[in-house]
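Here we start with a single chain on its own, the form predicted on its own, put down as structure tokens.
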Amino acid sequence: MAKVAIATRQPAHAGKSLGGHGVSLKVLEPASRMSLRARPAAVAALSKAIGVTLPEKPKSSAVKAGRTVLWLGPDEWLVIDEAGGDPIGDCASVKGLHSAVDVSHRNVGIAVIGPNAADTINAGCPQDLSLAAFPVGAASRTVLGKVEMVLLRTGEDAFRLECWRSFSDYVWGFLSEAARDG
């Protein structure tokens, strides 16, 4: 009998971290991620299905039981599940018009933490990251250098940055240089 080769996807930059100059960078553990698009009529049913009320205001997010939902547009959310749940499966029985796409392997999450976290990100991001303009819980799709990213403020001096796996080398290098220059 012939042996069957099994491919195992390795997390990008698994375990990478960097610290110093008032900021630390850490590649986050793999998580389930879902790109969710829905019409307003389906929002309540989807919120119930995933166990988190879908935020409906710009720059907002919601967190419950290891699941974070970031508002990206009037009908678009990024759902991140770090508790081992299955957000796609949770949406399967919702009858309202929606699109739920698993993007778990597309993204890499990077934590940027410390008193110089905002300055490190602002080295390549035009977003105003002052607490007044971008408070804890704020989320937006923006850029870092020449890469699109999704940014979530998780604490006064803490951010979660989500970028596509294919751009993660660039993002890690950019943040590392910015952290060293801080």
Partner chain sequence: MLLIHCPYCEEERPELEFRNAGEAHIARSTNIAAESDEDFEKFFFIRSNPKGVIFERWRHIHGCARFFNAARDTITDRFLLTYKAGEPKPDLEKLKADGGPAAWANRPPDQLNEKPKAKRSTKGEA
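Since we're looking at a predicted model, the values are computed, not measured. Residue numbers count along the first chain shown, from 1.
Not on display, but discussed next: the form predicted together with its partner chain.
Residue in contact with its partner chain in the model of the complex (any heavy atom within 4.5 Å), chosen from Pro58, Pro40, Pro115, Gly155: Pro58. Although the partner is absent here, Leu28 sits far enough away that none of its heavy atoms falls within 4.5 Å of its partner chain in the model of the complex. Contact check for Thr142: a non-hydrogen atom falls within 4.5 Å of its partner chain in the model of the complex. Under a 4.5 angstroms non-hydrogen atom cutoff, its partner chain in the model of the complex lacks Gly89 among its neighbouring residues.
Interface membership of Leu72, defined by any non-hydrogen atom within 4.5 Å of its partner chain in the model of the complex, is confirmed.
Residue heavy atoms within 4.5 Å of its partner chain in the model of the complex occur in exactly one stretch of 124-132, 28-36, 45-53, 61-69, and that stretch is 124-132.
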